[in-house]
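Just the one chain here, laid out as structure tokens, in the form predicted alone.
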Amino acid sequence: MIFTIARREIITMFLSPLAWVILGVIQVVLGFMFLSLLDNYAILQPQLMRLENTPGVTDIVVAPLFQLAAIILLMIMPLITMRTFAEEKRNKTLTLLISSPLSMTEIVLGKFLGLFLFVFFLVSLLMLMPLSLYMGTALDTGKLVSIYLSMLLLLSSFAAIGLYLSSLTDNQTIAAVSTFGALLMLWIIDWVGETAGGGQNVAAYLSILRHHQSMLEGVFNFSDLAYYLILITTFLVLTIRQLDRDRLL
């Protein structure tokens, strides 16, 4: 039943013009930035060739491109997740869903899997741009894999947080704004820790930016993976508990 719910979710998403508009806008904006970064690299290449251990095209073009993509998607993912449960509540279909023989875990995992499939499609589409560079230059394959996994984990975390906040309200605007606020706080919490002085290590570990930046540089370690898995699991569990409370009302 998890896959049935996921299939329904992804079909509903692509039947909406919003998903296609988001995909189109992201491709156009990041495509323009990709060409700009590539042009800058072509200008700098003669100077870089005179230096030893210079950064390659993966560091100068691909990593900044996906760093920008992460910032743009931080603003866009709330628009994707806002309808998951808020729309069900507004249309009174959530009552039918939670009163069905399905468990809350199956419902939440099905919704999350549908969002993950959209994220997987989106990130894979974006990866076509750097992969096209293989036709004319060499890339750091290890860093490319790290960047790809980082984007999947980052956007999956966005999806889990958005899923939970969407389950708290029947208003899609409130769900979107609250999700954006939560994601922004997790993005800048590292800066807050630095200015506050105390608890800097805790703030650094809680920062999505710190873990994402690490993986963009090709440093893939267990602490980054554990952070994303804990974050995703925590918000999925919170969503399940929220639906359990709704079922009892």
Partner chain sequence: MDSTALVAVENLSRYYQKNCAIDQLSFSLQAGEVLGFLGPNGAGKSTTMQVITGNLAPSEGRVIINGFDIIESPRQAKQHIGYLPEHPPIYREATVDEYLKYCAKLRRVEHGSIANAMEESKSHCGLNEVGHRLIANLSKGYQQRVGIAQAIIHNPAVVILDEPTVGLDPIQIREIRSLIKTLGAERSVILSTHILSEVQASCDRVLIIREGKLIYSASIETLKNYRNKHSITAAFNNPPPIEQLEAIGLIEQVESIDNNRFRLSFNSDSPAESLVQVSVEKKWGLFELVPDHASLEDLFIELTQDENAGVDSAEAEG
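Just so it is clear, the model here is predicted, and its values are computed rather than measured. Residue numbers count along the first chain shown, from 1.
FYI, the form predicted together with its partner chain isn't displayed, but the following is about it.
Colleague: Though only this chain appears here, would Asp140 touch its partner chain in the model of the complex if you measure heavy atom gaps against 4.5 Å?
Modeller: Contact check for Asp140: no, nothing within 4.5 Å of its partner chain in the model of the complex.
Colleague: Looking in the model of the complex, any heavy atom of Glu106 within 4.5 Å of its partner chain?
Modeller: The answer is yes: Glu106 has a heavy atom within 4.5 Å of its partner chain.
Colleague: For Ile98, is any heavy atom within 4.5 Å of its partner chain in the model of the complex, or not?
Modeller: Residue-level check for Ile98: yes, a contact with its partner chain.
Colleague: So, Ser132 and its partner chain: in the model of the complex, are they within 4.5 Å at any heavy atom pair?
Modeller: Heavy-atom contact with its partner chain at 4.5 Å: absent for Ser132.
Colleague: Would its partner chain be touched by all three of Leu68, Val202 and His212 in the model of the complex, meaning a heavy atom each within 4.5 Å?
Modeller: Checked in the model of the complex: no contact with its partner chain for any of the three.
Colleague: Heavy atoms within 4.5 Å of its partner chain in the model of the complex: which stretch among 69 to 77, 89 to 97, 120 to 128, 172 to 180?
Modeller: Going by heavy atoms within 4.5 Å, the stretch is 89 to 97.
Colleague: Which residues, if any, of 1 to 37 lie within 4.5 Å of its partner chain in the model of the complex when only heavy atoms count?
Modeller: Those in contact are Met1, Thr4, Ile5, Arg7, Arg8, Thr12, Leu15.
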